[in-house]
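The form predicted on its own is given below as one chain in structure tokens.
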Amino acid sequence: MSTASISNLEAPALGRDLGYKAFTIGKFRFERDEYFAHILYPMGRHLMPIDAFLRALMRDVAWGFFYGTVNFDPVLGTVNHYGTVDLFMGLCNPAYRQANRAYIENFPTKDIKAVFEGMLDDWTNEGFDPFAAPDETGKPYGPKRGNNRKAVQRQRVVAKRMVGLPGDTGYRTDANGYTVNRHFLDVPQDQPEVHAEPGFESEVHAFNLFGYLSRSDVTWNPSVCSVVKDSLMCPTTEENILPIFHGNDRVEWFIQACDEIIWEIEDGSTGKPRAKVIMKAGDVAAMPADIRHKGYSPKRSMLLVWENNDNSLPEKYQRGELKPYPAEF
């Protein structure tokens, strides 16, 4: 394991005159200019458009590095080992590996999280929200101007109980500041009527999932609306492009609730195309444990993601104890 070295350098080579800090961890150095994020590592320098970089960085931080691999683009990414995180260049890129240009370091989760949070705070200008759809936010370009801490420090919505039950603080209503999104103005907001048998009033509950999701103020960020042991129901709204390629370390189930998402499915380690999946309202798909996927949603849509939170699954898949897909036909 590499020893993490975290520093906010006062005089970055690229951003000094623009007001931005540089950040280092291990042998990685992150700098930005008006248009690009520059990632320097022992094998060279990699560039990403700053808007794409900040959108990917926001998800990696908000998801706690998520299940498995978060590919910022075909070169840069992280792998979650649930306690430590790999930061890599070219690990999932055959051309980089064949040319001996791939590079990887491992860091304690808290250390890399601190660096990534620092970048989000310093590099996100006022008016730009890396969680929002492009048509809902400002531009991230140019010299440093202010910040948008309200956006980058936004907490993922996680229900303490099933959404809408007494004691759940995650329920989205006008009362706690969530308004209906512009694409969902036609979604009914009435709640279902529940007629429980006497004595069972506190044990039977229902809520309007479509109404709940219509008030989501972020894109491509699954909240958690119910938890039953390791079974997590994580609904989300999707618009434009998923900012990362997500490489699974377990099977994910997708249920398309409305509109349409087009998914690019690739091999998780090589990036070789595996499938293109077009999901329309009512479609159900299982994303295998050995792929990575990226989604495109022409109109804001609703997606229910069903996750298995069992932390023993990644090793079982690696040992071959489980097949990477949930069913054979």
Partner chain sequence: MSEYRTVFGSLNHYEKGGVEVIEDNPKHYVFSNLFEVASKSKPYEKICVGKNLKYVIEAVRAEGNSPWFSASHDEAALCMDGEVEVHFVKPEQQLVPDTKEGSVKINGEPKGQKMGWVRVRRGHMALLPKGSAYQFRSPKPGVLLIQTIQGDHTVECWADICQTA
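Residue numbers count along the first chain shown, from 1. Computed from a predicted model, the values in this text were never measured in an experiment.
Only in words, not in the display: the form predicted together with the partner chain, which the text now covers.
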{"item": "Heavy atom contact within 4.5 Å of the partner chain in the predicted complex, the stretch among 48-56, 62-70, 258-266, 28-36", "value": "258-266"}
{"item": "Close approach of residue 22 to the partner chain in the predicted complex, 4.5 Å, heavy atom", "value": "no"}
{"item": "Contact of residue 174 with the partner chain in the predicted complex (heavy atom, 4.5 Å)", "value": "no"}
{"item": "Distance check, residue 233 to the partner chain in the predicted complex, heavy atom within 4.5 Å", "value": "yes"}
{"item": "Contact test in the predicted complex: residue 141 vs the partner chain, heavy atoms, 4.5 Å", "value": "no"}
{"item": "Listed residue (134, 83, 192, 146) with a non-hydrogen atom within 4.5 angstroms of the partner chain in the predicted complex", "value": "192"}
{"item": "Heavy atom distance at most 4.5 Å to the partner chain in the predicted complex, all of 196, 226 and 308", "value": "yes"}
{"item": "Heavy atom contacts to the partner chain in the predicted complex at 4.5 Å, residues of 80-101 in sequence order", "value": "none"}
